[in-house]
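So this first bit is one chain, no partners, the form predicted alone, shown in structure tokens.
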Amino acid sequence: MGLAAVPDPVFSAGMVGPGTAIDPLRGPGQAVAPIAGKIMKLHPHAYVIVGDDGRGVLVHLGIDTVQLKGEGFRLLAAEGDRVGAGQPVVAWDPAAIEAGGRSPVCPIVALDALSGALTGFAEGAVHVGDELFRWE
């Protein structure tokens, strides 16, 4: 789904940056690295990975999940780790997030990207390893 459909005005208006969003399957699962690189920032509910080209991607697990203070999330990597694309970073349960009254939708944002720099957005169901967008 596109960022415009994210139920949070900061993400849906593109204020954090351009990108896309994933409406995850409900049930226990793992959030993975969308690109290969170094984990520059890691919180239970969100992380930033910067690739060797200097481009950073933010993955935010659910909406307003910072309020959970880590409850329901388990870190599978550490800040400073180098990860491969598709490598698990955080274990979580989107169904539990939704049962708690929050949206489990996950914005995936290209940090510091210029407007129009992203193309080729994935549509429909995506799986680990699928390209979500191209950063020109």
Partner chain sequence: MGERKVTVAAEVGLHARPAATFVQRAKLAPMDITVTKSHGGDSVNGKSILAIMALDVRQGETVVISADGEGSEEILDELAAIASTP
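Just so you know, these numbers come straight off a predicted model, no measurement behind them. Residue numbers count along the first chain shown, from 1.
In what follows, reference is made to the form predicted together with its partner chain, a form of this protein that is not presented.
Just one of Ile108, Val105, Val48, Val83 comes within 4.5 Å of its partner chain in the predicted bound form, counting any heavy atom, and that one is Val48. When its partner chain is considered in the predicted bound form, only one residue from Leu75, Ala36, Met40, Val32 comes within 4.5 Å through any heavy atom, namely Met40.
Interface residue remark: Pro9 is counted as part of the site for its partner chain in the predicted bound form, having a heavy atom within 4.5 Å. Within this chain, Gly101 is remote from the site of its partner chain in the predicted bound form, having no heavy atom within 4.5 Å. Its partner chain is not drawn, but in the predicted bound form it has no heavy atom within 4.5 Å of Val128. In the predicted bound form, none of the heavy atoms of Ala117 sits within 4.5 Å of a heavy atom of its partner chain. Residues Met15, Val16 are the ones in 15 to 39 with at least one heavy atom within 4.5 Å of its partner chain in the predicted bound form, listed in sequence order.
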